[in-house]
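Given as structure tokens, the chain that follows is alone and in the form predicted on its own.
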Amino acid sequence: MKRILITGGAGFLGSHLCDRFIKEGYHVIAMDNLITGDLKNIEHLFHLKQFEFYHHDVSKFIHVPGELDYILHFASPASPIDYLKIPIQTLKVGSLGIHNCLGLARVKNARVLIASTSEVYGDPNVHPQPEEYWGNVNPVGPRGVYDEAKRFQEAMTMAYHTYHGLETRIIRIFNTYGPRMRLNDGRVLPAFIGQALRGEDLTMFGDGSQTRSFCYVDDLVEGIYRLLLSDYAQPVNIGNPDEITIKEFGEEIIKLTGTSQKLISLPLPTDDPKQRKPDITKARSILGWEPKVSRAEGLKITYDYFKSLSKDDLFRMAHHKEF
């Protein structure tokens, strides 16, 4: 049985990856310091012999006994609310954290896949964004703590690949959604759904003309799985190229939820990207991957999930942790 370490394993994406690799017959070790992760996301796995959980901060030295075949580094705050509140921890997990993971991979002779992000492209001057685009990032702006952490993470990973011959993979993740997202994390979709469930007006930034491309989590996980097992070491975009404006997306959520709320405008945050759409040519040609779940289908699954939660769970998700 192959063994895989998933950092950030109690988070939104990390928990779905735990599920997938358990399903594929792996022994899964989830590691999380629970700053933004939630044990409820993985508690259904605790009874399994092939699952372990380590409560640990990857910015500190990592020790995992036994052999490891793969490491997925998904530990990081990933939403504006989080990384603006804990900027130093965000930078540390993208620097010290990746250094520790890569060092562990060398010792264990394991293959590493790191979760990078479309945010490495910043507010792009090229549209859609191919992997060859170097980005337009403000390193000293409020979003720089996240953007530059991920850019450094890519550079460190490629250095280990080039100079130590380590097996590495880099995925650039575009907007992803699905069950287990936190309703209060500041990202567009959970913010809209949370507001709809609470009977509040939906708040968009600016006039809502900025665009995003939303990928359902199962599609993303499939792309990650294929990239990990591929022999391609350069960055690969994984996302849904079906682009939509924030205003149009808010109108879709209002229609889906059947609420009478309206869209209201708030000031545009600093360095907020105006466009976001992946060029997935490489994913199609190298991995044979493209998204399968339509936005209408994915949104219905996601909304039904949130509707099924208890009031206590909704309250817990809607009230942000104090760091």
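Just count from 1 along the sequence shown to find any residue number. These numbers were taken from a predicted model, which means no experiment stands behind them.
Unshown form predicted in complex with a small molecule; subsequent notes refer to it.
Contact with the small molecule in the predicted complex, defined as a heavy atom within 4.5 Å, is made by all three of N175, F192 and F205. Heavy atoms within 4.5 Å of the small molecule in the predicted complex belong, among the stretches 108 to 116, 209 to 217, 158 to 166, 232 to 240, to residues of 209 to 217.
Only one of the listed residues (G103, P80, P87, P124) places a non-hydrogen atom within 4.5 angstroms of the small molecule in the predicted complex, and that residue is P80.
A heavy atom within 4.5 Å of the small molecule in the predicted complex is found for one listed residue only; from L96, V188, V221, L197, this is V188. Taking non-hydrogen atoms only, V64 never approaches the small molecule to within 4.5 angstroms in the predicted complex. The shortest heavy atom separation between D279 and the small molecule in the predicted complex exceeds 4.5 Å. For the chain shown alone, I246 is a contact residue for the small molecule in the predicted complex, at least one non-hydrogen atom being within 4.5 angstroms. A residue is said to contact a partner when one of its heavy atoms sits within 4.5 Å of a partner heavy atom; L256 fails this definition for the small molecule in the predicted complex, lying far away.
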